[in-house]
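Read on for two forms of one protein chain; each stands alone as structure tokens, with the labels structure 1 and structure 2.
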Structure 1
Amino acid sequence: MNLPLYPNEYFGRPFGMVVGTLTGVAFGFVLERAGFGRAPNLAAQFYGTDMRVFKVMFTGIATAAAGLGLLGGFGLVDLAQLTIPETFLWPQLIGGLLLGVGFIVAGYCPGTACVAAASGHVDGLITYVGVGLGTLVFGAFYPQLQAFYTGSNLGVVRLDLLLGVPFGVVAAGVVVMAVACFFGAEALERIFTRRNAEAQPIVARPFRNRAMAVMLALAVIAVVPAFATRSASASASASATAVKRATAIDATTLARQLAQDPSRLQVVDMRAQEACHQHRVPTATCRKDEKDDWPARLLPTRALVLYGDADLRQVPAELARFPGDVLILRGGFPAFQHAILDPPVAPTETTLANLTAYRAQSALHTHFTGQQAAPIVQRAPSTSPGPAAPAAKKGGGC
């Protein structure tokens, strides 16, 4: 069994949506039981009297990181197939600060607002409506924000790959840091609750100690496979960080392969949106129509063909983890336009080689455009293209 299941096509989209709903049910249930459905519990985090938010969140992150490190270390799950948010340094830093401000003003973050609304707290519902309105504000100012929003993109930056150590080792570090911070957080709670003459949040000490022990144990076993399979993961991480190498493909070869078996390729147009919408290589999708996580939606079983206005000099960094072959169209779109989409020019000298090339070219031209090439005047051979395919539709693609 290859984990994760959905990206490996163990089940289809409808069942995926059912699983998504069930995941949400579990997530919402845990959040409510953690006390996150009530704004005063959440706001207390920022006044030092109850660090519940920090404890639950950090325990969750540490447990999940250690668990994934453990499973990934033993090869039970392919970490490279997990969706990992790309790093956009400045938007994430500023967005984080703003979100923190909104959090303390509203008393909820978006997820907990949803849980509060579900528990009947109208303030939670209003906060969630506000989040939706905020989206519309963002969209309205998108022309002004776009440069900042899309700037400082560092691609997928995983801390373990950045540090050059196995995932499990960083995960174990997160657990150790979390446990240390929890003792600090509880010390702060004692100080602030005394100062505010409030009752200290009740945390059962024995339980806390057991929870810490479980997490530390998880951290230790997460490290083990990292060392047991060190060479394997080292080579894997090396290949993941290296810039993807690409081979060149010329326009005629690409056209021929697309005509023969389009299911073996996926073509992405890297040019500006307008240019791409106007004309593009048949079956190509426009990079600018996609969101920033577009590499995650590529099909790993197909070779990826990229092209721009001219020769692309290198493969975009975000494709470093794309497992398949990457091909770059030589000469970019103009080359394809010239060789395939423009009507071929009939040869003036009707040598056998010229005629064969012209026939092949006309066949491809007809296949992709539906237009017959001009017959050759002297010999007038009716070029024998295959059945004329309809012109590639705008927005076509597999």
Structure 2
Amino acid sequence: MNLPLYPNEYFGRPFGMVVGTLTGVAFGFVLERAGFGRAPNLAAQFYGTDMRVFKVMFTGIATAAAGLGLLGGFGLVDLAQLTIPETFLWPQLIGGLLLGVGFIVAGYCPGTACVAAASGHVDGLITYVGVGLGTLVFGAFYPQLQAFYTGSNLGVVRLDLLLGVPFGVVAAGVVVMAVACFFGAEALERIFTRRNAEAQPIVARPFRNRAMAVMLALAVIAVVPAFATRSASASASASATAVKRATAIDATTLARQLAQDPSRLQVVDMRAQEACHQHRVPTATCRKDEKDDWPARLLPTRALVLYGDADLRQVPAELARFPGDVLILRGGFPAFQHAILDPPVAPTETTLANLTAYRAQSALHTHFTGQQAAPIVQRAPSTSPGPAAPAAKKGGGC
């Protein structure tokens, strides 16, 4: 698989920053030309008179979903290497509610406020300054909000894995939903503009219909290779005779790899559901029910890391024929808890080796927990008199 390009190291960070900057400029230009730099156009969607924001953003989502489903189905893109943020259920629900309130009060979201400010609109600049001040206030009160901010962590949640279907099916569902919502949004526009005696937004129906037809065609095409690839993978697993042997990985090495590039690993917690949902290795997913065919949805392009309450003596039967690399966490979750999640103990002897090991462990602990490790207390040199040195012998001569 060749895509995505950056995780597969087809170019380095400097070129990636250039591409990201140009993409951002192009995105901002499109938003401005679509009217997203003017607050009345944005606020109109909350009144139902102009749903252009809803339709433009949903077009982007549906197009991306259909494209990823098509490329992933034909094996051109590795969906496992796409960066997907973890789901924090309640913090994100309340954060989305606050964002919506701020959107309707200010008339802008953070992205469109930047576009409006760049276009010379003072209200956009004021909104952008307000976003910055709000960020500073949140940072000041983060210690008090940290427990809630990091709570209800569900890990990385993807609809295709959650529903147990190929990604192409989810992409097709998103496209169908988008098309239906387009017609529903235009119906709302007709109702509310008539009620408010306003002019209806201009809709280029021929262009809209062609765009919808292209998206639906991409979604249909994406479904076929998704099922074909899944059937071929299942047949290959069923006909395999050799069971892949797993190799051990220690907690510190696993933590370093997760910190550097979590997209190359898929960590599975093999413990009971209750224990997994209570506390687990960051980015890990809980083991599904044995009746579920979840192992068939694991991607062989990512190394599979397994752990339990202690050392796993062998790969579980449902995962024994996983075609990719299989790693078993040495010592299980207690080892990771002790080495990474628990606060590190400062060394009693401040040698160079001890200090280096403590600082490395502290950095990993802070990365995964957000908590600072205890500082190293340097002991003052002793001032009490020591034992008297023996008197030097006087030399004698003949």
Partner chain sequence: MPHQLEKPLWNPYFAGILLGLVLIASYLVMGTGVGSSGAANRLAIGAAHWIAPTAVEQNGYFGPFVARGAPVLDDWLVWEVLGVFLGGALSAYAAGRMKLDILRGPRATTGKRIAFALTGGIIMGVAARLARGCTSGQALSGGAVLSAGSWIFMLAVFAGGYLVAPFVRRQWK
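By rigid core we mean the largest C-alpha set that fits within 1.5 Å across both forms. Here, residue number means position along structure 1's sequence, counting from 1. Please read all numbers here as calculations on a predicted model, not as lab measurements.
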Exercise. Give me a 1 or a 2 for the form predicted in complex with the partner chain.
Key: 1
Quiz item: Comparing between the two structures on the rigid core, is the C-alpha shift at G173 2 Å or larger?
Solution: no
Practice problem: Could you tell me whether the Cα atom of F368 shifts by at least 2 Å between the two structures after core superposition? | Solution: yes
Quiz item: Core-aligned, does N41 move its Cα 2 Å or more between the two structures?
Solution: no
Exercise. Having superposed the rigid core, state how many Å the Cα of D342 shifts between the two structures.
Key: 19.5
Quiz item: With both forms fitted on the core, how large is the C-alpha shift of R330 between the two structures in Å?
Solution: 6.2
